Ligand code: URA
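Single chain ahead, by itself, as structure tokens, in the form predicted on its own.
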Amino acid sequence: MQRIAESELIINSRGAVYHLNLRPEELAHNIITVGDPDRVNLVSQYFDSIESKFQHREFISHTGFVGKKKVTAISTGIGPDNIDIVLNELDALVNIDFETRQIKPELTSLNIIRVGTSGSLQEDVPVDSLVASTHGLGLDNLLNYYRLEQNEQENQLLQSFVTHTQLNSNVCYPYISSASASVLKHFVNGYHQGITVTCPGFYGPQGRVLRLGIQNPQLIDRLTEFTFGQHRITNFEMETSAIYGLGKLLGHHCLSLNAIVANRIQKEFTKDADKLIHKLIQQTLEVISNSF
């Protein structure tokens, strides 16, 4: 089996993977990712005990127990480029032998749940509601660097999406990947479900205009109006499609849960984002404790 070179998988002096600063034994198989590094504390305050804490750059991780279930809360920072680092290094921690630098013969699947904030693109998905993403549709191009295979329905959905939104190759090559059904089934009651679009930025890519003009000023309306069979776009943010695409390729069970803090159709923003995030964190940990 081929050895992975030091330049390709960087392991620091304490035997930890470079960006996350974690050793294999310091990672749980149930993982909650959050964008904001400060939000890791919001998750771990609900742990019954904390086993370890590590930090390198924007990547903070706390590992502990909720009941008998071991959980790692880890911050990713914002955007699909950071997700590329986090997902690949999480996978390396469980599926690459750090001593031999070879892929293990038996692979491990992680449960990875994103707990984040998002903007709604539908009137009936109001501020302060929760969304469990059935699919991540990427406008960020990250998965175009990998060999992501899409089924016929996904290819048809993408073709319909490109035609409807008038996005062309000068902007991006959209891709789509689905949530893990085995995780999604636990987040039905109290959750809206739909396609989450992942954008490579917060302002222009999400249709916001400050001082710069944008290339596709009708994009928000076209995202809201898009349907394909029973599917519609419920919300957009900046990480979901990257998590779903990489998770699928690497064999992990991924789900993105979104606290709706803004409604772009109603032009509303939540009055208490902290309360909403705490609610979503507690519900997520309860499911992990009871069902995983």
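Values in this document were obtained by computation on a predicted structure and should not be read as measured data. The numbering used is simple: start at 1 and walk along the sequence shown.
The form predicted in complex with this ligand exists for this protein as well; it is not shown, and the discussion that follows is about that form.
S.K.: Heavy atom within 4.5 Å of this ligand in the model of the complex: which of V66, L27, V261, I233 fits that? Just give me the one.
M.R.: Residue within 4.5 Å of the partner: V261.
S.K.: Which residue, Y173, Y191, Y146, F202, has a heavy atom that falls within 4.5 Å of this ligand in the model of the complex?
M.R.: Of Y173, Y191, Y146, F202, the residue with a heavy atom within 4.5 Å of this ligand in the model of the complex is F202.
S.K.: Do S177 and this ligand come within 4.5 Å of each other in the model of the complex, heavy atoms counted?
M.R.: Judged by the heavy-atom cut-off of 4.5 Å, S177 is well away from this ligand in the model of the complex.
S.K.: Can G119 be called a contact residue for this ligand in the model of the complex at 4.5 Å between heavy atoms?
M.R.: Contact check for G119: yes, within 4.5 Å of this ligand in the model of the complex.
S.K.: Indicate whether M238 is a 4.5 Å heavy atom neighbour of this ligand in the model of the complex.
M.R.: Answer yes; at least one heavy atom of M238 falls within 4.5 Å of this ligand in the model of the complex.
S.K.: Contact with this ligand in the model of the complex for N82, defined as at least one heavy atom pair within 4.5 Å: yes or no?
M.R.: The answer is no: N82 has no heavy atom within 4.5 Å of this ligand.
S.K.: Going by heavy atoms within 4.5 Å, which of 55-63, 222-230, 261-269, 246-254 lines up against this ligand in the model of the complex?
M.R.: One stretch meets the cut-off, namely 261-269.
S.K.: In the model of the complex, which residues of 188-225 put a heavy atom within 4.5 Å of this ligand?
M.R.: The stretch touches the partner through F202, Q206, R208.
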